[in-house]
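Below, in structure tokens: the form predicted alone, a single chain.
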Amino acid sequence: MNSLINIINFVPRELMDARFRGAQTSILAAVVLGTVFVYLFTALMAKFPGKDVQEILTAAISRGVINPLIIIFAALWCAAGLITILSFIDITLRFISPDTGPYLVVLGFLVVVCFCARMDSLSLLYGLEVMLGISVPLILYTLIKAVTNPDFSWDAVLQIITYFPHAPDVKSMAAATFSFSGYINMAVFNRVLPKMRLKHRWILGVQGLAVLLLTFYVPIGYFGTVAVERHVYTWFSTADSIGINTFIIERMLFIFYFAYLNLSLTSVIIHWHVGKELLTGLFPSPKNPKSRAKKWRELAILGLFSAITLTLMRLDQYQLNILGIWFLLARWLGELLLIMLLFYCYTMLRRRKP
């Protein structure tokens, strides 16, 4: 899902900024790094079937070290959902309903997200499958219509390819690795996947490469190598430029928006669910899993996430863009730190075995 949602999280913006100085080699480097991260993380989590990352860290590291780390990781998951929902609210107000009050839109989204993020992990995975089943065909339809449209300029794409031989840009590379970050949610979902089978993971690398190349080249094919920088949400501007003759729908934007509304809300729900589970894990587990204390803790955590979102609604477009770029960098370093911690726990626990 992260491969598809990267359009919302400022990945195209960062790649477009570096289109004349290494964006294309950054994509290739990100595919290699992202695939390696996927292999390492899934292989390490498979060593601990049925356990989440908090249980694994607790078995090898003292509580005094773990608790601050868990708070940092939960903050990153909260930020991942927060950036997505703020971006999508901005998109909704720009492209769909400019006359609607922004706080009315955000409150509607937050009610749905907070209600669903409290569901159990297995139910969310089933819901994720359904949402992907609905959204992916619509996105594929959009892609086919985009590249077969007579307004698509292959000359502009060929021109930007001539800038391929440049060294990778670190910020663009870090941003592009977001397409592979979906694996990191197994930090919590691993406990409902006791018999995980690791097969054909190389497909994730191929799929990530295809998505990133389309993310980069298609908007350039529509707006040219120079004018593309004038658009903040390049893919929504692209969808707005495609006309279709399908009954009452004349613009591709509405189909594209519906698909990404599903994906964006699902992405926020998944990220906030993982963040909530990490933070509730800091408290002693109640004997009754449906106890009132547990329920109030969950509501307090999701209320905190929502309050931060409402506070950051004051950011303008420029500040939101800066926040998104810093998040992409911090997330990449956070993933690397988590993989190193898991490797340390694995080696420590292996040495303790008689």
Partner chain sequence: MRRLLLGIGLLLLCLTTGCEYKDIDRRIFVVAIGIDPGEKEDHYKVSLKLAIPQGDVTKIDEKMQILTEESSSISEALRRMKSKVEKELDYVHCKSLIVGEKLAAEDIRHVLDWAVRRRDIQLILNFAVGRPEALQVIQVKPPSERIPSNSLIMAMSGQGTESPFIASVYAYQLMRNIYENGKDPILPIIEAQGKEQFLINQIALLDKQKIRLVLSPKETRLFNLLTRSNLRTNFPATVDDGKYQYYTESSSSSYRIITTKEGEPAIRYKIKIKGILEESSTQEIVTHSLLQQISDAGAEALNQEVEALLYKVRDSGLDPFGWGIHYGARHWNNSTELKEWERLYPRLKFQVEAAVGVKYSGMIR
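Positions refer to the first chain, counted from 1. Keep in mind that this is a model prediction, so the values were computed, not measured.
Absent from the display: the form predicted in complex with its partner chain. The rest refers to it.
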Joint contact, G81, T84 and T266 to its partner chain in the predicted complex, by non-hydrogen atom at 4.5 Å = no
Pick the stretch from 157-165, 123-131, 170-178, 69-77 whose residues have a heavy atom within 4.5 Å of its partner chain in the predicted complex.
-> 157-165
Which residue, F223, F189, Y183, Y257, has a heavy atom that falls within 4.5 Å of its partner chain in the predicted complex?
-> F223
Just one of N262, Q207, N149, T280 has a heavy atom within 4.5 angstroms of its partner chain in the predicted complex, so which one?
-> N149
Exercise: F115 in contact with its partner chain in the predicted complex, heavy atom 4.5 Å | yes
With the cut-off set at 4.5 Å between non-hydrogen atoms, does K295 touch its partner chain in the predicted complex?
-> yes
Does I242 make contact with its partner chain in the predicted complex, using a 4.5 Å heavy atom cut-off?
-> yes
Any non-hydrogen atom of G101 within 4.5 angstroms of its partner chain in the predicted complex | yes
